[in-house]
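Presented as structure tokens, the chain that follows is alone, the form predicted on its own.
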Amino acid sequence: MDVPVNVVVAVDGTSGSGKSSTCRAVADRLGLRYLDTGAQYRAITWWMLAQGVDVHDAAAVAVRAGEPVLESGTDPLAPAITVDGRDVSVEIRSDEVNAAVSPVSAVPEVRSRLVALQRAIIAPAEGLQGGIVVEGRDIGSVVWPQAELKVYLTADPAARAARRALENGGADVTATQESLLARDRIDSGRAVAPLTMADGAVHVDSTELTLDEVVDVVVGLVMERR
């Protein structure tokens, strides 16, 4: 498949809309690198909890935001993230981290540090290391607004809740939906880099689509940029 050599695909969207599965599949199909920026915010949240930092105290989080050493793998088939050399891919998906990631992500010092890290990872796509698919909530609007393709992926709240509950081993769908909507409110209302559809982004609603169909749509959009 003739993929644009150094294309950057920025995929933003709401929790539970299928960003991770879509982005990994698109990157794999097109032979691109992959970056999950949400995992970075989860990793720094996990570190704060492990260090006993009050995640609801923005000042306390800000003071320590520069301490943990984060490394993100970019293989779409085996994405990994380490904190101070420890693989935390499993730990960052815990209920405790789920409940704490939004307040930590809203701290400007955290966002500033991670945006710089994300840009450093994306930047080689400008050279000889090939393109990348990047997922998050502010990729097309803040992190890499010059991306060749910007996608805003959403789904109906009920569909998102059903998917997330299934991922979590059959969790209560109603409670899951309330949690997702609360996360949406925090992410969309924060002062720094709120969740929003970037200028020029293509809105893809995955409510009635299978994963393969969503991947086909995004791959088709990438190929249009040839």
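All figures in this text were calculated on a predicted structure; none of them were measured in a lab. From 1 onward, residues are counted along the sequence shown.
We do not show the form predicted together with 2'-deoxycytidine-5'-monophosphate (DC), though everything after this point is about it.
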{"item": "Interface segment, criterion being heavy atoms within 4.5 Å of 2'-deoxycytidine-5'-monophosphate (DC) in the model of the complex, picked from 83-91, 70-78, 105-113, 147-155", "value": "105-113"}
{"item": "Contact label in the model of the complex: Trp46 to 2'-deoxycytidine-5'-monophosphate (DC), heavy atom within 4.5 Å", "value": "no"}
{"item": "Distance check, Ser15 to 2'-deoxycytidine-5'-monophosphate (DC) in the model of the complex, heavy atom within 4.5 Å", "value": "yes"}
{"item": "Gly136 within 4.5 Å of 2'-deoxycytidine-5'-monophosphate (DC) in the model of the complex, heavy atoms", "value": "yes"}
{"item": "Touches 2'-deoxycytidine-5'-monophosphate (DC) in the model of the complex: Ile132 (any heavy atom, 4.5 Å)", "value": "no"}
